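Single chain ahead, written as structure tokens, the form predicted on its own.
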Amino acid sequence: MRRTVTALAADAYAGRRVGTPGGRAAADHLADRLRDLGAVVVLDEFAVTGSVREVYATPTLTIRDRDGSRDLMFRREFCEHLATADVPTPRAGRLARFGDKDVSGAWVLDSGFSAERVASAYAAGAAGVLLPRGTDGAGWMPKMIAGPAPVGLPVLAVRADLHEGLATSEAVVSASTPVRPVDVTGVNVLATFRAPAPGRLSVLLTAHFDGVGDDPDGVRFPAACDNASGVAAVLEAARVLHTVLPLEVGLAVALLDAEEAGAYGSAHHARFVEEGTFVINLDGAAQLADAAHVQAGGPSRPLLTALDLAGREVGVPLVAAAMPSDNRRYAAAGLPAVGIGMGMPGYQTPAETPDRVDDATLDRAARLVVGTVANLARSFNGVRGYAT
């Protein structure tokens, strides 16, 4: 599992963003890994239209006041807003506040994003909009690649304390937002270890392998925790289960693309999964805190029972919590599905490196998945019933 995390976080895969050479290379690598484990593997492509925001050059933000000129640091002091217009050439203007009578030619300071207020500023001739944003504990602004529809003005998020200081400043702002929506092709890695015998248990293990991708200036986003850790634990769980499950139990793995773009990979795949298949999705297995987060959907009571027992057996406390990941797409398709999260330190920042992934958490995550499937296999008594 450690080798898997380190391999996926390597420079060769460049953050594994959907639709990039690095993302496709990661899919090919994982397909080879699954074949080595004894699975029959298919690479299933699908379209992702209009959802991915690509930062194709480094945005800039310069503040000029009576004390001189200062260039702010991208992703430390400011970052792109996902609804921004694509403005690659710096645009300069004075500062104004939302609600000022005259915002023509000005960068407008607002307290939060509103498409309607941006449209109003655009109609009034504003140069752009600056919004406040917080940072994580290490001072990074986490990167995302999917968000609201683009608006007519450049929009940047500025670190909250700096944004507050600008509210009383007479500075001039110059900024660029080279960010564009792109249509890309994603690819799911689908592996079948064995099909279920008629009327027998069928299990699908899932984890997304994509990340948000590196920045154009060479800043790495290794995506070791989100979600190389989950992929590593799923691969290990599948390896073990393939050797210990009864042959009549169906076992498959789906390593999914485009989760970061809106869970497109699981939405594409879920409609093809056979009714009654139990889905276990692992998104984050890097650093267990007090308990693993669990969200269930679909007719999942037997799955939750098996998971609860496995948690007690392995020593992993479970707590009900939102898990907005691929599990929701399978549940929406009517499948019994559960999402499990066990920590993502450095979430979607350059600090999300392999050394942040805890070996003990990887081990417990894999054991939790194996135990859950083993408990299902022991209790399963056909598609419509369970032994009591």
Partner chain sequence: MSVETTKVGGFAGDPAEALTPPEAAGGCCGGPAAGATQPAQASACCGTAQEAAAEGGCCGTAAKADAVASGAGCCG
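Numbering follows the first chain given and starts at 1. Computed from a predicted model, the values in this text were never measured in an experiment.
Not pictured, yet referred to below: the form predicted together with the partner chain.
Picking from 259 to 267, 94 to 102, 229 to 237, 214 to 222 the stretch near the partner chain in the predicted complex, with a 4.5 Å limit on heavy atoms, gives 259 to 267. Checked against the partner chain in the predicted complex, the candidates R75, R194, R200, R133 yield a single residue with a heavy atom inside 4.5 Å, and that residue is R133. Just one of A47, A321, A57, V42 comes within 4.5 Å of the partner chain in the predicted complex, counting any heavy atom, and that one is A321. The three residues R24, V172 and V184 each lack any heavy atom within 4.5 Å of the partner chain in the predicted complex.
By the criterion of a heavy atom within 4.5 Å, L241 is excluded from the residues contacting the partner chain in the predicted complex. When the partner chain is considered in the predicted complex, G297 lines it closely, a heavy atom lying within 4.5 Å. With a 4.5 Å cutoff on heavy atoms, L362 does not count as touching the partner chain in the predicted complex; it lies far away. Among heavy atoms of Q287, some come within 4.5 Å of the partner chain in the predicted complex. Using a 4.5 Å cut-off on any heavy atom, the residues of 332 to 349 that reach the partner chain in the predicted complex are, in sequence order, A332, G341, M342, G343, M344, P345, Y347.
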